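Taking the form predicted on its own, here's one chain by itself in structure tokens.
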Amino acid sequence: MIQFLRSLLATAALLVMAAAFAQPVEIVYWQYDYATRIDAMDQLIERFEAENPDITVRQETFPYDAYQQQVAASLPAGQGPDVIQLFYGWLPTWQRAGYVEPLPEQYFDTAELDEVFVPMAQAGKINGQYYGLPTAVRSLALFYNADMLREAGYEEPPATWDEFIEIAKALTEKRGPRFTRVGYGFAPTGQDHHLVREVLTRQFGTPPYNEDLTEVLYDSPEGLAAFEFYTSWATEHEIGVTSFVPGTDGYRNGFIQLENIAMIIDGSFAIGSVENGAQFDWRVAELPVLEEGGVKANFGSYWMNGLTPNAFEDERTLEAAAKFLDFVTQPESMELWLEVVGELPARQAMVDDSELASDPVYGPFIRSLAYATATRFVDETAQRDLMVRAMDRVILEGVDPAVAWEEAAQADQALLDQFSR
């Protein structure tokens, strides 16, 4: 009789568990507002739900400037998403705040991830554990209006920075003291802070930080030379001006829609916007170098998808969240993301595709990945802001570049020191 009751209870328990797992589960996904990214994720969610009819994914998005504040207000209160997208540079801060959890080994094998993803994806690890995976990665390139260059007598994009300045000068137009068209769209808050810190400093001879991210290295003659070179584009060569088209995306809007900016430096994520909006012959080139055969440098970065503590509240939610994260990082999802957003695949086998590397639009970005660096940050937002402040101090306030650069380096070092305590 006792054995019979035990069997009956065991059967009942299995039925309860089976019923629980048969219940539909909804998970919540967050990312910031960006039209092509939202579109791509909507399509991925539709495909995922078709393959997993017992799981529903609800996507919620927020303006970029309010995104981190929304996260800080929601997750500590046990609200918000199960799966969340974050910039890889935010990881140290988010990990310390408890916004994201290590990817569980029962669903994600670290050794396998090391092998199949591009090396820069390992910037998403802390203490050997992955905290998220990218659907795509990015690098920088020069977008240019080929019609404008051709009208000015240039058939090819600039290969060196001297050629870049020459062409930008030829394409800049002024009426009295005011610019009516600029050769280069300055974007300190766009990608220019990466251009200076991650690209120009390396081309002039120094990495921005040491390997263990405890020391600022750009506070050197080489680093200062890089900064002086960049600010001279505005103060000496006058090929553009900050906020020529106002707004965070002003430089991009001026290039795509207003057609009063001839060249911009932007990430591969902008390809979709340019393709959808530009009504002229636009093209892409790898970033120039100081001299022919000189050092190539680029900034590699990515947004990764991580799991929040909410995903771990019960086994069913965790299983669904892990399954969704795995789905959006599969090759088919990366192909869709490339087509819709323009961001590059994050799997090494796809990056090695020779056909993709020779594509006239994607090719310059893909080839740049071979020499791109995904620099680690301790506080990406604060480190970006102090670099932007240095640019503004020189270009808008007329401060000596050496003074502004020293201020930035000291403030940056203080951030590193604070984080390492």
Partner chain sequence: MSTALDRERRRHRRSRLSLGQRELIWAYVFLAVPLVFFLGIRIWPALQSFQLSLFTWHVDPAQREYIGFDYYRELLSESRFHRALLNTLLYTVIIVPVQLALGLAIALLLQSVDRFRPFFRAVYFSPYMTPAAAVAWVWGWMYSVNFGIINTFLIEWSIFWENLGLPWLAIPPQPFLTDPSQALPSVAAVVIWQHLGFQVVIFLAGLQGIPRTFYEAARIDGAGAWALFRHITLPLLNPVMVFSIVISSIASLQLFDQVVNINFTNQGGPLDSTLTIALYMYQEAFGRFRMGYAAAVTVVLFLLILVVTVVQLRLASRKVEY
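Positions refer to the first chain, counted from 1. Take the two forms, find the largest set of C-alpha atoms that superpose within 1.5 Å, and that set is the rigid core. Computed from a prediction, not measured in an experiment: that's the story for all the values here.
Here the subject shifts to the form predicted together with its partner chain, a form of this protein not shown in this document.
- In plain terms, the part of the chain that comes close to its partner chain in the model of the complex, with a heavy atom within 4.5 Å, is 384 to 392 out of 355 to 363, 384 to 392, 24 to 32, 45 to 53.
- In summary, among the residues Phe229, Phe204, Trp94, Phe87, the only one with a non-hydrogen atom within 4.5 Å of its partner chain in the model of the complex is Trp94.
- The contact with its partner chain in the model of the complex, taken as any heavy atom within 4.5 Å, belongs to Pro177 out of Gly293, Pro177, Gly153, Gly128.
- Its partner chain in the model of the complex comes within 4.5 Å of a heavy atom belonging to Gln69.
- Within 4.5 Å of some heavy atom of its partner chain in the model of the complex lies at least one heavy atom of Leu415.
- The closest heavy atom approach of Trp282 to its partner chain in the model of the complex falls outside 4.5 Å.
- Its partner chain in the model of the complex is approached by Thr189, whose closest heavy atom lies within 4.5 angstroms of it.
- With the core held fixed, Tyr371 shows a CA shift below 2 Å between this form and the one not shown.
- Relative to the superposed core, Asp385 undergoes a C-alpha shift smaller than 2 Å between this form and the one not shown.
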